[in-house]
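Heads up, the chain below is alone and in the form predicted on its own; it's given as structure tokens.
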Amino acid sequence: MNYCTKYSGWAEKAYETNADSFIKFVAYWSCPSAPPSPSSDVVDYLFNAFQCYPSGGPVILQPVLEWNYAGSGRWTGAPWWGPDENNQYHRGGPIEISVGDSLEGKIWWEPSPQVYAIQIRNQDTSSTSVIYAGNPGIMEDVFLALEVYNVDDDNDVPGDTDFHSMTFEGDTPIWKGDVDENAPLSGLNVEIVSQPDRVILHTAN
């Protein structure tokens, strides 16, 4: 296929929406292989996430594995949340991550001082980054996703990502899978290995 424009978006995801209330989500995965031959402006994100719906619109909380953030040409990890009331997104300090490193992505409610915490941890190096999102609202949605920017083809995306040993508090998702048919990528497949604790996001790599 020939695509005239580069694609950006959530290429594939597992999700559960309109749940009662999530208060904790812990997921583990290993850093996959880097994109085989990416363009310099490609950015790829892999994450687990909560989402809520305050009056200003949806807010997402996500521990993120990042490929080529800000043109780094490598894997990094950082917790994100936003937008806030000023329509700003917040990123915690980045940690270094290498292919094969074991990662923990964690989102949880802290009763005192009543904030949500978002944390990513490299279990191989013990490097950790955490930020706090205040109390934006009731977490109704939960996701696992591959989000991409400026991709042309399979050379721009990483290998398969196996999210496993997932645990939840407040509610438990029944995962559903979705692949964006507009993505110029082959091999995308959301494999729900076991509910609710293991999901693999497949690519052609």
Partner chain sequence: MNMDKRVKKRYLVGIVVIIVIGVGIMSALYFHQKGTKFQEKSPQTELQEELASTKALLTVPVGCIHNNFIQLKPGETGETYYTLYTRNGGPGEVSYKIYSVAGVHKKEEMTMPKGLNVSIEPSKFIAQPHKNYTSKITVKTSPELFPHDVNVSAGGIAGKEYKLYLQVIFEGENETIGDDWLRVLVSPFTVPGASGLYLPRGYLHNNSITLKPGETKETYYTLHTGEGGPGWVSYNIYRITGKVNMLPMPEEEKLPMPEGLTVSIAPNNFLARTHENYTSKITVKTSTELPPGEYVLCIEEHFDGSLTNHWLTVNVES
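Residue numbers count along the first chain shown, from 1. In this text the structure is predicted, and so the values were computed from the model without any measurement.
The discussion below concerns the form predicted together with its partner chain, not included here.
In the model of the complex, no residue of the candidate spot (Ser37, Ser40 and Gly73) has a heavy atom lying within 4.5 Å of its partner chain.
In the model of the complex, its partner chain lies farther than 4.5 Å from every heavy atom of Asp20. Contact check for Gly100: every heavy atom lies farther than 4.5 Å from its partner chain in the model of the complex. The closest heavy atom approach of Val157 to its partner chain in the model of the complex falls outside 4.5 Å. Contact annotation: Lys176 falls within 4.5 Å of its partner chain in the model of the complex, judged by heavy atom distances.
The partner is absent here; in the model of the complex, the one residue of Glu147, Asp171, Asp162, Asp153 having a heavy atom within 4.5 Å of its partner chain is Glu147. Taking its partner chain as it sits in the model of the complex, the stretch 65-96 comes within 4.5 angstroms of it through a non-hydrogen atom at Tyr69, Ala70, Trp80, Pro83, Asn86, Asn87, Gln88, Tyr89, His90, Arg91, Gly92, Gly93, Pro94.
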